[in-house]
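Below you'll find only one chain, the form predicted alone, shown as structure tokens.
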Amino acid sequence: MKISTKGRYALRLMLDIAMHDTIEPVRLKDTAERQNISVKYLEQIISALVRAGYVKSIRGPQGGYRLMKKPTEYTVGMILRQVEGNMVPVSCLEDEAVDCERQEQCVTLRIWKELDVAMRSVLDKYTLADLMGWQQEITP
């Protein structure tokens, strides 16, 4: 499985908001400069995050974006699934998967299920707060 640019940028955007949402809301223009990502691309990503209730938009001259919850309440998996969609390794494991006629004889299904469990365990293990701590370790 390959995480798209959109997924990677969504994590960077959420991390940037978490790191800079101290006094004033975070403006996309500022995030774009810090993260070297176009404002237009961030606008596409932020709309999905607003719809999901992960961030809220503050309007006006001092407006911007704020997290709706604490950084400890967002997992990497939550953020990625919101912008990437279902992240299962094969379509037969999707929530609304059509029953496969080969399911009973599919020897690879065991591998796909185990891979799905492993990916979820990693992606849902780490939170935005973990990323913030790691960022602080590498930023002087």
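All residue numbers refer to positions in the sequence shown, first residue = 1. What you are looking at is a predicted structure, and each value in this text was computed from that prediction instead of being measured.
Below, we refer to the form predicted in complex with another copy of the chain, which is not included among the displayed structures.
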Original post:
Of Thr108, Ser38, Gln62, Ser47, which one comes within 4.5 Å of another copy of the chain in the predicted bound form, counting heavy atoms only?
Top reply: Thr108
**OP:** Considering only heavy atoms, tell me if His20 and another copy of the chain come within 4.5 Å of each other in the predicted bound form.
**Re:** no
Original post:
So, in the predicted bound form, is Leu123 in contact with another copy of the chain at a 4.5 angstroms heavy atom limit?
Top reply: yes
**OP:** Spell out, yes or no, whether the shortest heavy atom distance between Glu73 and another copy of the chain in the predicted bound form is within 4.5 Å.
**Re:** no
Subject >> Lys6: touches another copy of the chain in the predicted bound form, heavy atom cutoff 4.5 angstroms >> reply: no
Subject >> Candidate stretches 22 to 30, 50 to 58, 76 to 84, 63 to 71 - the one whose heavy atoms come within 4.5 Å of another copy of the chain in the predicted bound form >> reply: 76 to 84
Original post:
Who in 1 to 15 is close to another copy of the chain in the predicted bound form, meaning a heavy atom within 4.5 Å?
Top reply: Met1, Lys2, Ile3, Arg8, Leu11, Arg12, Leu15
